Each structure stands twice: as structure tokens, then as C-alpha cells.
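This document opens with one chain alone, in C-alpha cells, the form predicted alone.
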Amino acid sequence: MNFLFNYVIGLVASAGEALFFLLDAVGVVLRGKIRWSEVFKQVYIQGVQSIVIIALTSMATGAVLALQSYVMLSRFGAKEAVAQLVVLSLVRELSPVFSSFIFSGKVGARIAAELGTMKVNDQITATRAMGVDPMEFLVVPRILASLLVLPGLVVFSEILGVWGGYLIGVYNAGIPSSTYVHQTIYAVGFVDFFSGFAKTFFFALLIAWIACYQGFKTSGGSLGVGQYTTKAVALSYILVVVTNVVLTKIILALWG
């Protein structure tokens, strides 16, 4: 019982500490102390270097989704609906969530490892000693870059996923190209796109926040860097999944 109590207290304390960490970052932004050169540098690191893996996984996801949909829908003589099922699945759920997972595994892990290495090597302490706020120089640029990059990657993922579904639908399922394109455009409304796109800002904030916080909290030398990086990615996955459920419920309640 004491172990459980101590665990809960420790969990609450860590959550509170992480929240104050985020509020410190928000305070820096509100004071206008944003180093845009560092932000754009992070945009390149996080965005451009993630395009290839996002493209490959998105096309594969769209293709597999189209294959599975065709097998099921053709039993009911409704194979033309493959396009609608693929695009709605990608836009509403799959692209935002899968892209966030990839972003967390690649970018979130990189952020946590970089900051963790700086922490155990006392580089963050040295930054403070030189009169530079680490929150302003290290954390805020990474968080802002994530908020800029992930939504763009998700839109890119949706386009490539639809393209992968198109290739299967047209060249494998035999759906006329004009029909597939028409069904894709007809299926997606503003609410469908917005319901998935809006989530990505929450996911980006969660991933960058957790990665930065775990990086700043790292201890235990090189072994600790690996442990805290793994923890950052695992927590990001959990929070993305849980947040997705909550946001989906809210969006469906508001717009259906």
C-alpha cells in the first residue's frame, strides 16, 4: 500500500513539474523571446529530414487500406466506395495518428537524446552560466518547430496515402480513374479535414513538450540518456493515443 501511495505521489509530482516546465516555455513565447533562426533550423531538422519516411509509410498505409477495403466491399458490389473509405480513414484518423507516431519515434527521440546529452555533459548549466536562458535557446525553438512541422507532414501524409490508395483502386481493383478521383473529392468535407488536422497541433505540442522535459530531466550519464529517450517516446505514444480518443469524442459531439 505504501509503495502504491508513493508511486501515485511521485506521478502527480512529475506531472506538476512537467506542467510548470510547459508554462515556463509558454511564458518565453508570450514575452516575445523567440529565436526564429533556431526555430527555422529546427524546422529543417524535424521536417525535411522526416519527409522520406512519412512518404513511404503513408503510401504503404493507403495501399494496404485500399486492398483491404476492396476485398470487403467487392463482396457487396460496392467497390467504388473504396475511394471514400480510404480518404475518410486517412484524413480523420490514420494520417494524424500514424504520422504523430513516426514523428515521436524520430523527432521526439532526437530531441530527448540531444537535450539529455547536453544535460549530462553540463552543457545546459554552461548555457545558463553564459547568461543564455536554456528555455529560450533550446526548448521553445523545438516546440514551435514541431507545431509548424507536424501539421504540414500530416497533410503531406494524407496526399501520399490517397495516392497509394488510388494506385491500388485503379490498377488493381479496376475502378475507373475519373470515378476514383470524383469519389475522393466528393467524400471529404471541411469537418472531415478539420477534425483530423486540428488534432495534429495537440499531438505536436505533446510530443515536443514531453521530449524536451525528459531531456532536461535526464541523469545517469550515457545510460540515462537512453532510458529517458525511451521514456519520452513511450509517454508520447500513450498521450497521443489517449488525446486522440478525447479529441475525437469532442469533435464528434460538436459536429458529428
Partner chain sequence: MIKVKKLFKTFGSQTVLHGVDFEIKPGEILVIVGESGSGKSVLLQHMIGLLRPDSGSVVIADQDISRLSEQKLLKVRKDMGYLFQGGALYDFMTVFENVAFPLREHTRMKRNAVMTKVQDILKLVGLDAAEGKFPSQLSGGMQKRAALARAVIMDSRILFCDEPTSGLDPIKSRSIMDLIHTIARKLKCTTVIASHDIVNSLRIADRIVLIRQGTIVAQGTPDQLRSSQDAYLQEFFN
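Because the structure is predicted, anything quoted here is derived from the model rather than measured. Positions refer to the first chain, counted from 1.
In what follows, reference is made to the form predicted together with the partner chain, a form of this protein that is not presented.
This chain is displayed alone, yet in the predicted complex one of 148, 88, 102, 118 has a heavy atom within 4.5 Å of the partner chain; that residue is 118. Partner contact region in the predicted complex: 133 to 141, out of 151 to 159, 94 to 102, 68 to 76, 133 to 141, criterion any non-hydrogen atom within 4.5 Å of the partner chain. Residue contact check for residue 35: one or more of its heavy atoms lie within 4.5 Å of the partner chain in the predicted complex. Taking the partner from elsewhere, residue 125 is found to have a heavy atom lying within 4.5 Å of the partner chain in the predicted complex. Looking at residue 185, you'd find every heavy atom of it more than 4.5 angstroms from the partner chain in the predicted complex.
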